[in-house]
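As structure tokens, one chain now follows by itself in the form predicted on its own.
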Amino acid sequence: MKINALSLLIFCFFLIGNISVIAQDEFNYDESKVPAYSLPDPFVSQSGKIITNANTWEFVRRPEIITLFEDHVYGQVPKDFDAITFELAGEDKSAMGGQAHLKEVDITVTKNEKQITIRLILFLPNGQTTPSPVFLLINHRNHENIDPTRQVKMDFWPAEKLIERGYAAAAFHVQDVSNDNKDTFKEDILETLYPEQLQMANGMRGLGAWAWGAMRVMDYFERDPQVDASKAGVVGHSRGGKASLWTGAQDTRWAITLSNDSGCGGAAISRRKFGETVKRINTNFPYWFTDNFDKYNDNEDALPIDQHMLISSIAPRAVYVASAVEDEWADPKGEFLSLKIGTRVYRDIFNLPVDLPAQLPAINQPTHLPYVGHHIREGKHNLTAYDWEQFMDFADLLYAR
């Protein structure tokens, strides 16, 4: 096939243009190139008042921070609905070779005569005479990761290990509330129960819907006598970790909020622009965050909050941030700095003994303090058996107090 001069010229312009785009899309993995930045102060209210005590934090500053995240990052999380019901859809009292009691529970929420149903998978340890503490996984990966038959077992949700340690293992799939897909994310609670949110610049989107789903699971935990809802942890990995942090910030019923490799829009400081950036996450996943978040593409310094304040809003309840050393896209250092800065509230407002190291801790050397936990493990972007072991160790210490 012959290529004439005009075709060759067009091809050259196309190639140059794409090289330019590629160059623009390079991401920073060099700590020396992190820009200078100044973080908003969690201890100063919007009226300029210095926050010095728990009462002012709880009734003034914390609500301000939550509202700022609603308006600029995650969108509102509507609390209103007409009815919620719980139906036992399946049960096996001798699951896992007799070690566990499996319940598959359909949580149905009704609003304006329309309904959606969340399928909760719950394993409870047999032989316990008191209600079990529980970990809930917000699962965005393939359904087989939370297989209730246990024919497929994955470290992403090592339910057997949780049962062995005396914890209930719970999970739901985000598809039940908002599919993790830009074309179909509206089809569940957004179009069915809360269509008005889609018209709002600060309306709920995908991650907020997942948090909403976790809250409805907590509604069930509070009604199941075999579950100790006062000892419940919400866990998420990656995009699920962003949702778990937003869940814990919104809903004070969770004893522990745990994020794993949550990165940009999760635990990592946005202003560092290390690895994934606000622009990149909004471009790739425009359905995760509220529309207002687009204003901060290449404009992170204009944000009235940053992710350290999301962590601070969880205080005084326990928070855990986990990272992986090879997961530079999620900015492990930025996640740790956010935890360290954000948990000043635990120390300065609630007088809790929080003293994280000055530098990012060594690999596979967890830091488990009262109400604050952290580890960075070897390996890549994933939720592993090692991560779960640290989460359970931390919970053991917290609940023993």
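From a predicted model like this one, the values you see are computed outputs, not experimental measurements. A residue's number is simply how far along the shown sequence it sits, counting from 1.
Omitted here: the form predicted in complex with a small molecule. The next part is about that form.
Novice: In the model of the complex, which of 185 to 193, 126 to 134, 88 to 96, 235 to 243 comes within 4.5 Å of the small molecule (heavy atoms)?
Specialist: Result of the contact check: 235 to 243.
Novice: Report whether the minimum heavy atom distance between His381 and the small molecule in the model of the complex is within 4.5 Å.
Specialist: Residue-level check for His381: yes, a contact with the small molecule.
Novice: Going by a heavy atom distance of 4.5 Å, is Phe285 a contact of the small molecule in the model of the complex?
Specialist: Because a heavy atom of Phe285 falls inside 4.5 Å of the small molecule in the model of the complex, the answer is yes.
Novice: Can you check whether Asp176 is within 4.5 Å of the small molecule in the model of the complex, heavy atom basis?
Specialist: No - in the model of the complex, heavy atoms of Asp176 and the small molecule never come within 4.5 Å of each other.
Novice: Evaluate Tyr220 for contact with the small molecule in the model of the complex, applying a 4.5 angstroms cut-off between non-hydrogen atoms, and reply yes or no.
Specialist: Answer no; every heavy atom of Tyr220 is more than 4.5 Å from the small molecule in the model of the complex.
Novice: Scan Glu300, Glu276, Glu160, Asp228 and let me know which has any heavy atom within 4.5 Å of the small molecule in the model of the complex.
Specialist: Checking each option against the small molecule in the model of the complex, the one that comes within 4.5 Å is Glu276.
Novice: Quick one: from His140, Arg165, His101, Arg253, grab the residue that has a heavy atom within 4.5 Å of the small molecule in the model of the complex.
Specialist: For this set of options, the contacting one is His140.
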